[in-house]
Structures are given as structure tokens and as C-alpha cells.
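Next up: a single chain in C-alpha cells, the form predicted alone.
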């Protein structure tokens, strides 16, 4: 017969596993949501989860809190392995007080982040909380501040992934915002600073939770959500896939996976993918997916700032970060949102030793008062800063248009790019041939009497400008382009260049010491 102490321990474990109680668990499941422990079980390798602080309890006694106690205090934390690699997991338990955050609840989360930092492993934070525990007052606010502080300490040291699987409102939104990636569940999650009631009281606007801060809002409009899932299970699967591209910490390289894709493979469809008409759009996904290892491209921010593409892929088994203009959407121009999207992704890649491959087809920056008044100068400067600051291998493929300041911004040699490849279709110039011809040969064009004659002469000058200035061989003659290749040669060329650059050591010009730069934000 077991000793009383053993029996008590078993009883306490059973109580802890119930969280806020059976009724709360059933209510959670009735909404189509998994419980905190079910989410963890789905995420981690079987038998790998080792929980800590299972018996933690809040200390508050005000407003009846002395009668409302759950072992674990509404959050589950522990060590685990995901696909055999260490990870620390946090899962808020909505069954106890709506997963609200108090002093001890927050202390558990902080300890989990500190553990992840000390062992050098990613942190996965599954958010499902009604927000600050109002019964605990300033202790709850202090808890949020502690979490934010440790999110910042972990930034650039370990990957941080937030899954939003339920409510995330008020101050709670800033922890995911400080993390690297946010995955939202379409059916059950939302994020906002102020809820619908406050919005209506403050400005008279009537709006519901999903239209204010649902997954679609943050995937399509705000850009907060990197990935969107239909339910908890899909969110977990996306998390596991994302982790497969990431190192455990900033001192490791991302995991290489031999996929069996021939490094010498040439896809001859690339030779005809760019239209003969330089103003005709095409789909850049067709370029990226033909160059990288088969079925390895994992896109982020797919629905936001669609004129730019970012995501992870593998090239000869090595993880690489993909940045590309998308000529099929807004002609691939850089605007405020695309600039933010690219800069943030490049900085993550640089933090975690992921080489960056940039596919360029950019006619410039989006013109207009909305962009200028919205701060395109400041936002565009983020891209310049991110590429200039990055010390990982940076490889660039100029597919077609590369005009003006946007050419410089998109991973050019002038911002420290390591290896620049151009296709024969590349056009590298201060501006497009049409605009350039209008300026250079303005007097000759003004002398022509009829519109037909003027257009014929203009096209002659456009061709002359394209032949003499806007072609890859001029840039190659200056050393700004390292090689000009047939499109079908792109994959083997990049693989060979990457193989050499993986041992890259950055040589910096001697400069005064500094804490850090002041990036435009």
C-alpha cells in the first residue's frame, strides 16, 4: 500500500491536470478549442514533456480569490522536445479564470523564458487568456512588464513563437508582438489593445471582436499574423513545420536536411518565365519554387504586403531565407508595408544564421501622397538598414527590373551583398527606359509634329537606352553583378556560391565602438 505522502502527491497531480475543473474543460471543448494540455501533447514528442511549477498557486486573497484556487494558476509550463530537438513550452489555461494573468502566473512564464535562454532552445507560447487578472491589480501589471522585459532579452538569442489560440487583449498583445512569429487560429482567436465596448464608448464605432482583431484582420491588414490556421491542430502543425527551419539559438546553424533534390538540376521553364514585354506581370512564386529544393518553400505573411514575398526554403538541404518582389501584385513595387515585411524578415535571418537569397524585380517605390505622408522614406530606410547590418551570406538574383533606390535596397552589392547574379532579362538603371528616354531626348521628342512620329522616335530612344545602359552587362563590367547566367542555371549557380559563402567571415571597417545602431522605426 502506498504511503500517505505518495497518495497526496498523486492526488495533487490529478487536481493540477484538471486545471480550472471539469466544467471548464467541457466549456473549452464545446467551443472547438483544445485544452492547454491537449495542445502541448499535440505539439511535443510523445513522453518528452517535463512540467515545472505544476503546483504553483496565486497569493491574492482580495475579492474572493482565497476561494478560487487552481494548481498551476492557469498556465502550464515545461521542457519538451519537438522532432527530437529541445523546446520550452508555455500554454495558458483558459479553464481557470479565463487564463487571466496574475503575479504567479506571470512568474511561471518568466521562468520558462529564462530556462529557454539558459539552455538555448526556442520558446513556444500558446496564448489563450482574458487578460490581466483585475483582482490582483498592480501585481498583474508588474507580471506583464516582467514578461515583456524577458521577451526583449530573448530577442535575437532564441526563436520565439506565439500561437494565438483564443483571446489576447490589452497589454497581453505586446508579448506576442515582441516575439518573432505569430500564428493565429481563425475560428477562435483575436488580438486588440482595446475591445469593442471600449471602442464604442470612446469613438462611437460599433464593431465585433473578429472584425476588430480577428485572425484575418491581422493576416491581411495589420501584418501581425505571420501564419493563419483553421483550428488548434493546424496551428500546432504549422508551428512544428516552422521550427524545422530554425536553429535552437543564435549560436547554432539551422538544421540541414538532405532532400534528395539534385543540386545540378536545371529547370528550363525558367528560360521563358519572364515575358518579352517588360511591362507584363508574371508570378515570382514560379521562379522561387523552381530554384529551391522541391516542396521546401514555406511562406510567411502570405496575405499581407503581397507585392513582396518572404519565407524559408532549403537549397541543397541548407535553410535559406527567401526575399522577393512579386511583379504579379502592384508590379512588385516597394511600399510601406512591403518595406516593413522585408526588413523584419532579413533581421530575423541575420540573427539566426540563415543566409538570405533575394529575387529582384522592382520598378521602384510606390508613388503618391498616401505613401509619402505615411512615411515611405522612414519605412523604406528599414530595408537599407536591415541588409546593410546583416552579416549572413547574402545572395541576390536580378530577374528583371531593378530601378533606382529600390535596386540598391534589394540586397545589392552596395549594401554588402556577397554574390550577385543577373539574368539576361535584367534591367538595372536609375529609372525605366521609357522615363529615361523622355528626359534624355526631350528636345528631340519635342521637335516631332505628330503623336505617331513622336511614339516611333520614343521607342527608338527607349531601345537605345536599354541597349547602352539598362542591361546586366553594364553592371557586370563594373563588378556590381558577379555573373550573368541563363535562368536555368540559377539553382546550381546559387548552390555553388552558397557552399563557398557558408564559411564567410565579415570584415568590418574599423569604427568607433557603439551599443547598437539607431534603426529607423
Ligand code: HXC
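On a predicted model such as this, the values are computed, not experimentally measured, just so you know. Residue numbers count along the first chain shown, from 1.
What follows is about the form predicted together with ligand HXC, which we do not show.
If you check ligand HXC in the predicted complex, you find a heavy atom from every one of 94, 141 and 167 within 4.5 Å. In summary, the region of this chain contacting ligand HXC in the predicted complex, judged by heavy atoms within 4.5 Å and restricted to 307 to 315, 267 to 275, 126 to 134, 338 to 346, corresponds to 126 to 134.
Though ligand HXC is absent from this view, in the predicted complex it lies within 4.5 Å of a heavy atom of just one residue from 248, 214, 98, 393, which is 98. Just one of 156, 171, 416, 259 comes within 4.5 Å of ligand HXC in the predicted complex, counting any heavy atom, and that one is 171. Among residues of the shown chain, residue 209 is one whose heavy atoms approach ligand HXC to within 4.5 Å in the predicted complex. Although the partner is absent here, residue 352 is not a contact residue: none of its heavy atoms lies within 4.5 angstroms of ligand HXC in the predicted complex.
Contact annotation: residue 148 falls within 4.5 Å of ligand HXC in the predicted complex, judged by heavy atom distances. Shown alone here, residue 68 lies within 4.5 Å of ligand HXC in the predicted complex, counting heavy atoms only. For the stretch 27 to 66, the set of residues having any non-hydrogen atom within 4.5 angstroms of ligand HXC in the predicted complex comprises only 31.
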